[in-house]
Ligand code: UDP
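Presented below, as structure tokens, is a lone chain in the form predicted alone.
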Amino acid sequence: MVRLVEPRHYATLEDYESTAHLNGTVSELRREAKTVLPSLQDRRVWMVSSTERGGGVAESLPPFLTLLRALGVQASWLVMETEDADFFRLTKRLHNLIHGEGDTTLGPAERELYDRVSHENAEAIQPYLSPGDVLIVHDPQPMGAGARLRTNMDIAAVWRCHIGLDQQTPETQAAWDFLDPYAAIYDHAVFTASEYIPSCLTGRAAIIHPAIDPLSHKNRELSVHKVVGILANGAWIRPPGEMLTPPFPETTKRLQRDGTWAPATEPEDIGLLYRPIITQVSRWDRLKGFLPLMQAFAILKQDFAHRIGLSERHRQTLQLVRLVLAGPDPKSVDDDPEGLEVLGELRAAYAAMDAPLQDDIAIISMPMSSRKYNALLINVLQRCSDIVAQNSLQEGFGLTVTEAMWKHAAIVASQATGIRQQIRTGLDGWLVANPEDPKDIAEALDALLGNPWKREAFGKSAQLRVHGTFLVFDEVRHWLALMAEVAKARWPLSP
């Protein structure tokens, strides 16, 4: 029912310090950590999540835990498990409701299911904990288990919510009414934006932004040789010659016209090394806005031939540009039962398109068996993209945006709250007014495709913003301060 996960992360604190543009930030983190570590002495910090792969939480915990340990905090990671598929369907409903979507009917049957699985997981987690520990529970799936443990043990508990909506609707109210009995038990909560904090947690919540690890496989700098090698080994491109390294055990798969999957080089090379590329990388989720983005691209390609007044460079760009929609192999994401359904909707829309348009759209399933290879495949894809889109209808934060900003990509994204916290429109990227309006999206894409100087300016500003605000060192610093504050409040007489 629960599994202890050892965070695999190859970078050390010394590795960050030896990187010129990170040295000052890490030195500052060390200094600040020394002031709060006495409050956490002899206390173990436990992170609890619902999966160890797929999604921003699972991806961000390994570097986060590695840095905590390097600074002297005893930190571990537990992943809850259940064989009851109905539980994850329920928590996916809660996820959607918090985003303002879905069926608001949550009755005794849903409560019984949630409480039963929460009790089972609490029983499985309890042997790992000791009095005085700090428990940090991520998102709704393990929330009930954490509340039970906080009730039954002398521990401090913090609930970390990575999602939210910046307005109250019947859907959000239904979700928070359901979760309120558990939220009330926690010592504190953490959200990504102040707009997300429900009334039941007012006065007991802090704002901490998610962040990226600049030396992770997904975000580290890559030489030209490594970019080409990863593209070839992952089947993004056909090998240009004899390769130094072998193909990855699992490679990217591209949706074919007949509905089957084949290597991404089929039926022809996408053109990542030489064509203009628009990319969106996300989980297969309706709230990510894949379908209107694909419809916008269709408008872009179908209309350009009839337009007058375009420069030759702009016209050639529109003729050659291709769209890549990439997401994880949905079968590998245990807590997202809607993934296959959403991907099926995209497949149906793709099948209805004309063959030339199908050639210019690549729907990609990313292998998830190896975190390293998956991260490297996304890294090179973002680096080969002229525009990175994030057309989310709702977005808790959107680390895929942060990752692309770090690679100084030009961003076209929605105005979802999490994205607005990162991108200052007109400075770091272009925010579309309506992510469900394909014409609006197409106009934004066209404007940037026709202006390479604006793309370059956006990219430079975006990278500077991430460096100053959204790197993992800032996240660790804020969490250390919060954990020390919670521990002092829970055990005020401790030395």
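Source: prediction; values computed, not measured. One-based numbering along the sequence shown.
Heads up, the form predicted together with the ligand isn't pictured, but that's what we're talking about next.
At least one heavy atom of residue 403 is located within 4.5 Å of the ligand in the predicted bound form. The ligand in the predicted bound form is not approached by residue 298, whose heavy atoms all lie more than 4.5 angstroms from it.
Not displayed here, the ligand is kept clear of residue 142 by more than 4.5 Å at the level of heavy atoms in the predicted bound form. Heavy atoms of residue 398 reach within 4.5 Å of the ligand in the predicted bound form, making it an interface residue. With the ligand omitted here, the record of contacts in the predicted bound form names 279 to 287 of 248 to 256, 113 to 121, 279 to 287, 166 to 174, defined by a heavy atom within 4.5 Å. The single contact residue among 362, 183, 211, 378, judged by any heavy atom lying within 4.5 Å of the ligand in the predicted bound form, is 378. The contact residue chosen from 100, 198, 234, 327 relative to the ligand in the predicted bound form is 327, the criterion being a non-hydrogen atom within 4.5 angstroms.
Contacts with the ligand in the predicted bound form, taken as any heavy atom within 4.5 Å, map to no residue of 60 to 93.
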